[in-house]
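Have a look below at one chain only, the form predicted alone, in structure tokens format.
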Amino acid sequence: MNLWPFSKSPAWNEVTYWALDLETSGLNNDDQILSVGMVPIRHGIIEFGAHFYSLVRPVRPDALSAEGVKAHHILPRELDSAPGLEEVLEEIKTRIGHDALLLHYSSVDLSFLQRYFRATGKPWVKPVVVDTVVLLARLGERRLRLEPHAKPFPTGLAAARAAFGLPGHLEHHALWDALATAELFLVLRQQLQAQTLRQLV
């Protein structure tokens, strides 16, 4: 269990978590990052005012999928003037280098981050990763022990939020999905009564 850079597991609210969401042109290996949203949780409180959001100028604009761009309501001309990928990756790196990375479906965003860090020659910082989908599964297993016929919690971000009474949000927008993930995380942490970082990874 990777708890770097912590020598032992700190209390959960002694850690800064950066909820991150990527909007991409698709889910294939040749797809590209279109935007990044990040929202910090410090001392157990979401600090939305310290968020980071950026569109990303595509490395290969001609290879963008029209369907992928439409899904996120991002216009090609907006991407033309956006910061380049290396600049945006550096912004991500400065935020997660010594903090925890909070994701919903970590395998998707992690694969893009690792691939593009490698492609631009930047070392991957190997942050501690907390995944809200993993926490949902953990909470579902606990509920099954008490209610053997209970249904699993939905894993889609919007559906999972609704299951816990959280309001709807603007979907397919990196910043609002990052905020939605941060809010869901705080609910799940409370439901699981997790007291340390180790209990969340």
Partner chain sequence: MNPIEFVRAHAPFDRLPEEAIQQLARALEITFYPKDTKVLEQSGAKNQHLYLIRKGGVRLERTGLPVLHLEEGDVFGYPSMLSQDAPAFDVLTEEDTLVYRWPQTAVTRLLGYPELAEFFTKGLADRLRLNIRSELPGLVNLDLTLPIRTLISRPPVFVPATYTVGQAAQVMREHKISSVLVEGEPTGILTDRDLRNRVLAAGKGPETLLQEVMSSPVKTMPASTPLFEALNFMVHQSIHHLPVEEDGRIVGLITDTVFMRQQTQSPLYLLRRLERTRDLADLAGYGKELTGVAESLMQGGLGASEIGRSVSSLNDQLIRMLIGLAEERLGPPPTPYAWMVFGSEGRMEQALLTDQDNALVYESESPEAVDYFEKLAGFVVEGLIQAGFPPCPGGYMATHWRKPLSEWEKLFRHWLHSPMPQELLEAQIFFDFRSVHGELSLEPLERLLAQSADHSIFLAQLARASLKFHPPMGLFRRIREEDGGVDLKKGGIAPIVSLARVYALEARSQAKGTVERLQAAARENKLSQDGAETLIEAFGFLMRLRLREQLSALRRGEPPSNKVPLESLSPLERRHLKEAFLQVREMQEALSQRFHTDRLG
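Positions refer to the first chain, counted from 1. Computed from a predicted model, the values in this text were never measured in an experiment.
The following text describes the form predicted in complex with its partner chain, which does not appear among the structures shown.
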query: Exercise: residue 179 in contact with its partner chain in the predicted bound form, heavy atom 4.5 Å; finding: yes
query: Contact test in the predicted bound form: residue 186 vs its partner chain, heavy atoms, 4.5 Å; finding: yes
query: 4.5 Å heavy atom contact, residue 141 to its partner chain in the predicted bound form; finding: no
query: Exercise: residue 191 in contact with its partner chain in the predicted bound form, heavy atom 4.5 Å; finding: yes
query: Interface stretch in the predicted bound form with its partner chain - options 23-31, 150-158, 40-48, 129-137, non-hydrogen atom within 4.5 Å; finding: 40-48
query: Residues in 113-135 with any heavy atom within 4.5 Å of its partner chain in the predicted bound form; finding: none
